[in-house]
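In structure tokens, one chain follows: the form predicted on its own.
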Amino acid sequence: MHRRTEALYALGFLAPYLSVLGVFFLYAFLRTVYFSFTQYDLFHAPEWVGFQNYAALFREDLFLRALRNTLFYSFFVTVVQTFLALVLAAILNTKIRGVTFFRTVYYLPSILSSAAATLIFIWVFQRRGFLNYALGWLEAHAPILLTFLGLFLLFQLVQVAWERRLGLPVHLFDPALATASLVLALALTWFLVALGVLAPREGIEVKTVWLNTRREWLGVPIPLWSIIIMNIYTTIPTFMLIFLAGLQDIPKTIYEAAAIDGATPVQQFFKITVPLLRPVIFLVVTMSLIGTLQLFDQVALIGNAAPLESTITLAYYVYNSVFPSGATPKVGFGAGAALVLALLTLAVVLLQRRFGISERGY
């Protein structure tokens, strides 16, 4: 009797969650499976057509374009943002002055809503937006920047060679020597600019079209590259925070022992940090794969600012099939594409777990 009462209490507490799960997941999933085998336009009764929707999907250019965009976007963004987030977390896990300030600054992009960030980036990617202005400024000042960089490397190499000749074990980028090289390079560059030997180039203006174009770079539409840049910038801080939490659990004594054995910071990163963070890396990669495969909001918010075939993904294809603008809804097509997306997400995650980084610790 007592156990039956406990079971009733447990069922009562679980009932709200199970109801939501049953209505918005199980029922919706079963309806999607059914609609994927029918021809349905929201206005007439569904007509059973078997596998015709699936066969037609893989003959349609727009669906194949969405599939290709989704796969490339997911792979590229996952690799780049995971690596950069891990590097940033490793840097911010060190004892540097002002680390709290830098952690706050780097995390700021993730508190922006996706809609606000997308609208900001639409302005950034305009023909006369911030990105083209920044690229134009860099191109105009390239002679000065390259001269400064060359002088910095020259002073650094001379100082390192001099110290090593005296028998002192200094690294190539020793912080104290790098600071002296930086000051000397800045002073000499400023002197050359003041004398008129160096000057910014005139008439440099970058007019790259980032959104409203069908041009491609490396076989990928330029508007999709714009979304890739935007997503990497806004997602890195969240994953950086997860990596930072994982780094806090690695005992400092391991790094101290490695340092005593002569391991460099780079060797410590690849031989200690990366292996011990494998469960965290698995979590981040899995979250990133699922999130990128379901990309929708940025594509929807960019809308007519870019050609549809340049930015379309599978998630947006599903929406566009069911709720097309000024056309008859194709619910069967959309349901079939949704199931393809679900199976693709499951397959990619399982393949990543089987052949990629697993959740098992080192």
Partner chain sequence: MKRLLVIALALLGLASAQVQVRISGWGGTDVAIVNGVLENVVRPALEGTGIEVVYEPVEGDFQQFIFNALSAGTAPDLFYVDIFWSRAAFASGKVAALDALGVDAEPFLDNLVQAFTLDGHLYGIPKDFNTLAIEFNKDLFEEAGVPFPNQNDTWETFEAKLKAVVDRLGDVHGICVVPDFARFGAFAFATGWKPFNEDGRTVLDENFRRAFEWYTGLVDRGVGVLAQDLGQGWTGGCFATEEVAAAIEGAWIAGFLRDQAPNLNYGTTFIPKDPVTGQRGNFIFTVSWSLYEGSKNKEAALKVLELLTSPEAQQWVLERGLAIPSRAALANNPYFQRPGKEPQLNRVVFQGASQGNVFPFEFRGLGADWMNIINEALSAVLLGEKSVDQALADAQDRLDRLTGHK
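Residue numbers count along the first chain shown, from 1. Please read all numbers here as calculations on a predicted model, not as lab measurements.
The same protein has a further form, the form predicted in complex with the partner chain, not shown here; the description that follows concerns it.
> Looking in the model of the complex, is the partner chain within 4.5 Å of a heavy atom from each of 127, 307 and 325?
Replying inline: Yes, because 127, 307 and 325 each have a heavy atom that approaches the partner chain to within 4.5 Å in the model of the complex.
>> Tell me which stretch of 250-258, 276-284, 209-217, 174-182 has a heavy atom within 4.5 angstroms of the partner chain in the model of the complex.
In response: Going through the listed ranges, the match is 209-217.
> Any of the heavy atoms of residue 42 lying within 4.5 Å of the partner chain in the model of the complex?
Replying inline: Residue-level check for residue 42: yes, a contact with the partner chain.
>> Although the partner isn't part of this model, could you tell me whether residue 329 comes within 4.5 Å of the partner chain in the model of the complex, counting any heavy atom of the residue?
In response: Residue 329 belongs to the contact set for the partner chain.
> For residue 319, is any heavy atom within 4.5 Å of the partner chain in the model of the complex, or not?
Replying inline: Close contact exists here: in the model of the complex, residue 319 approaches the partner chain to within 4.5 Å, heavy atoms only.
>> My question is simply whether residue 61 lines the interface with the partner chain in the model of the complex - judged by any non-hydrogen atom within 4.5 Å.
In response: Residue 61: yes, in contact with the partner chain in the model of the complex.
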